[in-house]
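Given next, in structure tokens, is a single chain: the form predicted alone.
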Amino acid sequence: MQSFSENWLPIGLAGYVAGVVAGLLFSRNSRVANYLSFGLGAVAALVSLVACVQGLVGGEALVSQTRQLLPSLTPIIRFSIRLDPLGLFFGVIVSLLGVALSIYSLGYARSFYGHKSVGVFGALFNTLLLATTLVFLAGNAFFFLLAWEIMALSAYCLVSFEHEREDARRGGVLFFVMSHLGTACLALGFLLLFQNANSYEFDSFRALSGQLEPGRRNAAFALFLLGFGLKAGIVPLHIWLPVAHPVAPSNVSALMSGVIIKTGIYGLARVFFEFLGTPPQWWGVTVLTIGVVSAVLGVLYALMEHDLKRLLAYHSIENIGIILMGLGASMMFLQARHPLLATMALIAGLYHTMNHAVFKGLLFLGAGAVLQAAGTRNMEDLGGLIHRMPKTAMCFLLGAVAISALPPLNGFVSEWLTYQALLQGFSVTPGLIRVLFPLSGAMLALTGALAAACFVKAFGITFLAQPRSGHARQAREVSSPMLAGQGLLAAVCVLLGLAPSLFLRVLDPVGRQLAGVAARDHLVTGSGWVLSGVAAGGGTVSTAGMTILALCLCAVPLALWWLLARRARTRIGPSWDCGLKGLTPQMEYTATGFSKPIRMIFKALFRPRREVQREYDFSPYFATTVRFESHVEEIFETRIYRPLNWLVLAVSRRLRALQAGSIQAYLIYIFITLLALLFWTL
């Protein structure tokens, strides 16, 4: 008897295909293509979401086996899918974002009417959703890599969709190159697993996990860490992310940050916890260290940004780092034979994966609404938008609170679980390696504080005070579909924050699959209203209780106002303007001024550079105009990738001499290669 998921997931996948076909068939009619393509995408994502949730909650995923999706080409190359807990969990993420972003796109795509093909845009968007879903459900390495490549190519086309802009072309090419470098690493890693299992099926990899000889096992770990880390945007492989995300259409930016980079997290979890066996200690230490470095550097570079979408892109690097902290700690606990703590750390990382997808998708949609309404991403030219775009401002504020890990929203819950895992790791791991856990906890605390400061800047400079430009003064609230997409994700942020016990039920099968233990009963107390650490002395917290207490406290001043000041006269006067004629935008805090203290504290990292230009009229003591510019050095680009690029170009120019255009020379090259291969095989 087939399960609900097996019946309905193919319907959801077929819905994406229908969205692709509809977009291409009606590519000459933008309005029809918009509603058909994105409407079908929303329905397909909703069907897939229901099927994935039912598969997890109903327990169907625990007994599912690999099944054929399409006819096989050869006995080795099969197009098979597997509805296991890990794949279905990530299917929930892509489907949830797919629903919200498809609804948002119904309004967002109207800005392309008359000068861009909305049908092609919708077809590519549905292709990306379909390919990403297949990446999570693929049960065969060949099928996985095929879906992975389709995902990369469709994402490249969407990043470069506004190709008339130079920055869009540059961002697309950089994404394309880095993505294919990662794919090459993955192909080599899967070939190592194939040599051991003599099959490309994930079931075969799982059955023979840990049986690779140590050298090949470590090589596979390094290859998969590079390949999936490139897609996830870990430091120092992150350089494509702040270049590609800002130039893409905003719904695509939300999908890339919320879902596409999570394919890297999915791959790391799948390979490290299932295919390679119990990890040695240094694997977990490596992943945890990379997570700490990515989190701290990501938020520091985000603080220096004045481009709203680049700021959000750097925060994706920060949150990927937080997720990797959970995965790395879980690997260390598995090696130390503490499966319950390993499950807790894994759940913390995966919970943050879902949370980041939701609140980062929400923030990118808000940034897209600001860009469409005001025509700029530069925060220095914004301001005062809360009066012109109040609904977008409220949704963006909810996302900012969530990403800053402030209670009672969802970001607080997953980071609290991560803190619990890191703090408890000190007492259960041997040797000096235990020092990593409190140090990582301290770095996570620093990251949270800097993230809060960054989003005070992002929200305050963008939405508060007075408009700094004519575009900001003329901004108006965006269309209803765009608001509906933001509202849906904002509601999910609240739900995941106030009712974490419901979501832990969805994560329980994943923890049982990857770490062998179901941890929900150890993490939830108080009839499901209180979260608890698994250790006896662990902390407890209740976001619902915090909310109820806050509402009760708010009732006190309201009651006092009703009793004592309800009939008092209210006077509204002008704001204090320092004795001048009135407040002007020039008096406001700028994004540059807000982040200057952080820039000075970490100047060894940022290597700041200032340029001041003055123009005088008659007297050198009285400047008529002053121009100030501040720059920070992107150290990984200037110190690693640019020298590497120059080296590759120099070597390429030297190797150009081999391409002499002589057939005889090419035949000699082939003969020498054959001889070398013969000697290699002897």
Partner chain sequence: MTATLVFILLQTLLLLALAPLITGVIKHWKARLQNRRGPRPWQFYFDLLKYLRKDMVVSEHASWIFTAAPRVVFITSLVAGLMVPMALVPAPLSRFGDALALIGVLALGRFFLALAGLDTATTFGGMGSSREVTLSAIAEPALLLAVFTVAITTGSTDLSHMSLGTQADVWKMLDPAHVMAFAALFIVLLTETGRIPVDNPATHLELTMIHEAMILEYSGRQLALMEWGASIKQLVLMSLLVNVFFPPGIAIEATPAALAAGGLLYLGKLLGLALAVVVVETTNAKLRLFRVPDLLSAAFALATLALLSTFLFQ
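In this text the structure is predicted, and so the values were computed from the model without any measurement. Basically, rigid core = biggest C-alpha set you can superpose within 1.5 Å across the two forms. Numbering follows the first chain given and starts at 1.
Just so you know, the form predicted together with its partner chain exists too; it's not on screen, but the next bit is about it.
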Inset, instruction - Consider the chain as shown here, without its partner, and state which of 574, 215, 579, 114 has a heavy atom within 4.5 Å of its partner chain in the model of the complex. - result: 574
Legend entry - Answer option from 269, 304, 109, 400, heavy atom within 4.5 Å of its partner chain in the model of the complex: 400
Legend entry - Segment assignment from 479-487, 541-549, 229-237, 193-201: heavy atom within 4.5 Å of its partner chain in the model of the complex: 541-549
Legend entry - Residue contact check: residue 280 to its partner chain in the model of the complex, 4.5 Å heavy atom: no
Legend entry - Residue contact check: residue 412 to its partner chain in the model of the complex, 4.5 Å heavy atom: yes
Inset, instruction - Answer with yes or no whether residue 569 is in contact with its partner chain in the model of the complex, where contact means some heavy atom within 4.5 Å. - result: yes
Legend entry - residue 564 within 4.5 Å of its partner chain in the model of the complex, heavy atoms: yes
Inset, instruction - State yes only if every one of 25, 43 and 359 has a non-hydrogen atom within 4.5 Å of its partner chain in the model of the complex; otherwise state no. - result: no
Inset, instruction - For the heavy atom contacts within 4.5 Å of its partner chain in the model of the complex, list the residues of 577-599 involved, in sequence order. - result: 578, 583, 587, 588, 589, 593, 594, 597, 598
Legend entry - After fitting the core, residue 572 CA displacement of 2 Å or more between this form and the one not shown: yes
